[in-house]
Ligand code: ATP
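Only one chain is shown below, in structure tokens, and it's the form predicted alone.
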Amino acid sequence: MFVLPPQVEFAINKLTAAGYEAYIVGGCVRDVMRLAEPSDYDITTSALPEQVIAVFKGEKIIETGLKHGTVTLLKEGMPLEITTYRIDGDYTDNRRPNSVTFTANIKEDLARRDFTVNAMAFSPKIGIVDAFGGKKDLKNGIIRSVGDADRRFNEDALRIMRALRFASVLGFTIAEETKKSIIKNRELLKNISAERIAAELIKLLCGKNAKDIILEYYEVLEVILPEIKGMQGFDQKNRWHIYDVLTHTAVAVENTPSIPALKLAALLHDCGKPDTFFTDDKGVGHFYGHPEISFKKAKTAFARLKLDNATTELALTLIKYHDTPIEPTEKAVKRALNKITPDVFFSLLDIKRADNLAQNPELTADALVTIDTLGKIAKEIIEKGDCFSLKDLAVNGNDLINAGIPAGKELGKALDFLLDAVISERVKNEKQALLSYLNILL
């Protein structure tokens, strides 16, 4: 089962040949046992940091975190973190230990780790070291804290989000005692940096079990995203919807492609609904203007989470236009392609599709057909090279200046006028035809 990369074998063999114990440890062991490819390999050893440096004399070594016992070996392009067995001291910031004590006992090192499935070690000579039932939990698909759950989460509150992320990505359930501790200690997440929260949230949303985690751990997610408060149990009172706002959202997330900006847009696309809800005289619920409120709330959330500009811009654009109808005609699609660019247009169709799949299936069949039609029309427009933006227009600013249009706002208006005429098929996208048509403005 354990076929290790040659760089990992080299490191373990060098340490053991020097008289020390050495294992791969943590997530890489879990992944290999799941027959999945590890993203990286961590090594733990009985050797002290200075001894590790001595063993790999002549190799490229980075003294990553000697205070915490970690040295990084760069071997043939692969970084390998090698950490001395350790016992963590007290945590006062809910994130990192104030101090560490090195130990010669691998089981004491495993005891400080977050979850049982991440608290296993393996070496070619010894095999698997599993002191906390990780192998059994892995087989049964369970995320369980190592030892006392309250202690683990108070040590490092990010473990709360990591538990949800692992459950979502791996499709596992969270053990009952661990779940209770997560709910109990959820406010500790306020002590964790926004960047770390965002990284775990995005991985969670892109996981195969995201819908169930959103629904089951809504009160945890509220701590990091107060913008979603009020969604749970909110009856939409509309025949188009068979779910409350939260369930609709979770189903939409489930049906969205695993692209961070799209998942984030799906999560917050309707967060403005509780603020805009009203019923008409027939008792039917409406949410006029909810995309605008959702946009404003999401903008606040994304800024707080310190998301990168590209992710933020795309997600906000999708939220803004998710409920905007687009007629399945070439003219309408060209206008949309011009307004939001082709890449964003196709992402918008993904969000619209997910949104509709989370509504009443007896009423959304036609809408789903329309979305597919919009995609086909857009692809045909792009493949034909039809004009839908200023860069495709057969004339440019210089051509219009030479025709007598002054530079500045008038020039921009003239270009937009011609583009609209081309999209509306009032004139062909040919230089002479456009210049002749321009006489309407002159």
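Numbering starts at 1 and runs along the sequence shown. All figures in this text were calculated on a predicted structure; none of them were measured in a lab.
Another form exists, predicted in complex with the ligand; not displayed. Remarks below refer to it.
Of 31, 386, 416, 59, which one comes within 4.5 Å of the ligand in the predicted bound form, counting heavy atoms only? Exactly one listed residue reaches within 4.5 Å, namely 31.
Which one, 350, 114, 323, 137, lies within 4.5 Å of the ligand in the predicted bound form by heavy atoms? Partner contact (heavy atom, 4.5 Å) among the options: 114.
Is every one of 27, 39 and 159 in contact with the ligand in the predicted bound form, taking contact as a heavy atom within 4.5 Å? Heavy-atom distance to the ligand in the predicted bound form: all three under 4.5 Å.
Going by heavy atoms within 4.5 Å, which of 213-221, 233-241, 177-185, 159-167 lines up against the ligand in the predicted bound form? This holds for exactly one stretch, 159-167.
Is residue 203 close to the ligand in the predicted bound form, meaning a heavy atom pair under 4.5 Å apart or at it? Within the cut-off, so yes.
Quick one: does residue 317 come within 4.5 Å of the ligand in the predicted bound form, counting heavy atoms only? Answer no; every heavy atom of residue 317 is more than 4.5 Å from the ligand in the predicted bound form.
Any chance residue 338 has a heavy atom within 4.5 Å of the ligand in the predicted bound form? No, residue 338 is distant from the partner.
Quick one: is residue 356 in contact with the ligand in the predicted bound form, heavy atoms, 4.5 Å cut-off? Looking in the predicted bound form, residue contacts with the ligand do not include residue 356, since no heavy atom lies within 4.5 Å.
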